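Consider the single chain below, provided in C-alpha cells and representing the form predicted on its own.
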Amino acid sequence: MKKLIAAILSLSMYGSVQAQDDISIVLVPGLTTDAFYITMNKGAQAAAEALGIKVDFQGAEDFNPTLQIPVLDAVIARQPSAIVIAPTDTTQLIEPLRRATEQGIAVVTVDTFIDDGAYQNGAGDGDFPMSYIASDNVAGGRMAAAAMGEALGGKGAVYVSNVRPGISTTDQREEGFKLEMQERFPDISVLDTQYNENDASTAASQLQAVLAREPNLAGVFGANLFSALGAANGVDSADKLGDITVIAFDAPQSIVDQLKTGLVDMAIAQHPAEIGYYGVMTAYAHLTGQSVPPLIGTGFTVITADNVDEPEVARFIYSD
C-alpha cells in the first residue's frame, strides 16, 4: 500500500490521467454522528489535502439502509468521479451502488462491504466495487474472545451484544468471537446473541434480562460502540462491576471513560483515520489509471486502563 500511495503522490506532482480539478470524491459514512466515522473523515480529508483534491462528506444520522439509500441516490445524481462508502447492509446497498457503477462512478467500500466483500472476481451480484478497505473483523472478534477467555480462566457464560444481522462488520466480529471461543475455550458457554438495533438503552436492558436468566453471567462482548456502552451501563445498574467482564469493539472517548472507571475491561480500536485515508487514495489511484488491490487491511490497537494514556496508544482513540 505504501508503494501505491507513493505512486499516487508522484502522479499528483507531475500530472495524471485525469486532471485534479475534474476529480470529485464523496465519502458516504455509515452515519455522520459517530466518532468512528468522524475520525474516518479526518483521514479522508488528510488524503484530499495531500492530493490537492476535494472530498465531500455526506451521510445519514443513523446507521440504517432506509436512510442511507436516499443519501446515496442524491450523491449519485451529482455524478462524482468516485464514491467511498460504508454500506449499511450487505444486500440492500447492492443495487443502488450498481446504479452508480453503471453511470461511470467508481465505488470503493470502507469499513463495511456489500455481498461477500470479495470484489473484482467475476462472482456474486456485488463484486463490482474496486476495493474494500477495513480492519479484519473476524480477527478482531477472535482477539476479543481470546482476551475474555483468558480473563475468565476458561470458564463461565458469556454472550455477544450486537446490532442486527446483515451488517458485514458486526456479523464478522460475532463470527470470530464464537469461533475463538469454540476452538480455545470449550468450557465457556456462549449464550444467544442479543440484538439491540444500535440502541445503548436496549443493550443495557438486555444485559439485565440475560443476568436474570443466567445469574453467573461472566462476560459480554459489545460488537460495536452502542452495544458495548449499553452492556457496560447494564453492568453498572446491576451493581456487577468487577463481576462481569465487558470487552468493547471501537474506542471513542465514551468507551475510554468507561475503561478508566472499570466498567469496560478492554477496547479493540480500529484505525478509522487510516481507513478513510486509504479509501480516498485508492479511489484516486483508480481514477488516475492505476490498478488497485481489491482488499486492503488495516490494523487494531488494544486499549486497556493500563495503557490508555500512553501516546502511542492514545493516538488511536477516535475523535468526537
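The first residue of the sequence shown is number 1, and the count goes up from there. Treat the numbers as computed from the prediction; the structure is a model and nothing was measured.
Missing here is the form predicted together with a small molecule; even so, the following discussion is about that form.
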Query raised in the report: Just one of L225, M181, A106, I244 has a heavy atom within 4.5 Å of the small molecule in the predicted complex. Which one?
Result: L225
Report summary line: If we test each of Q258, Q270, N41, Q68 for a heavy atom within 4.5 Å of the small molecule in the predicted complex, the one that passes is Q270
**Report entry** Distance check, S131 to the small molecule in the predicted complex, heavy atom within 4.5 Å
**Finding:** no
Query raised in the report: Might Y277 be said to contact the small molecule in the predicted complex, defining contact as any heavy atom within 4.5 Å?
Result: no
Query raised in the report: Would T112 count as a contact of the small molecule in the predicted complex, using a 4.5 angstroms cut-off between non-hydrogen atoms?
Result: yes
Query raised in the report: Does E174 reach the small molecule in the predicted complex if we count a contact as any heavy atom within 4.5 Å?
Result: no
**Report entry** Residue stretch of 291-299, 51-59, 33-41, 277-285 approaching the small molecule in the predicted complex, non-hydrogen atom distance within 4.5 Å
**Finding:** 33-41
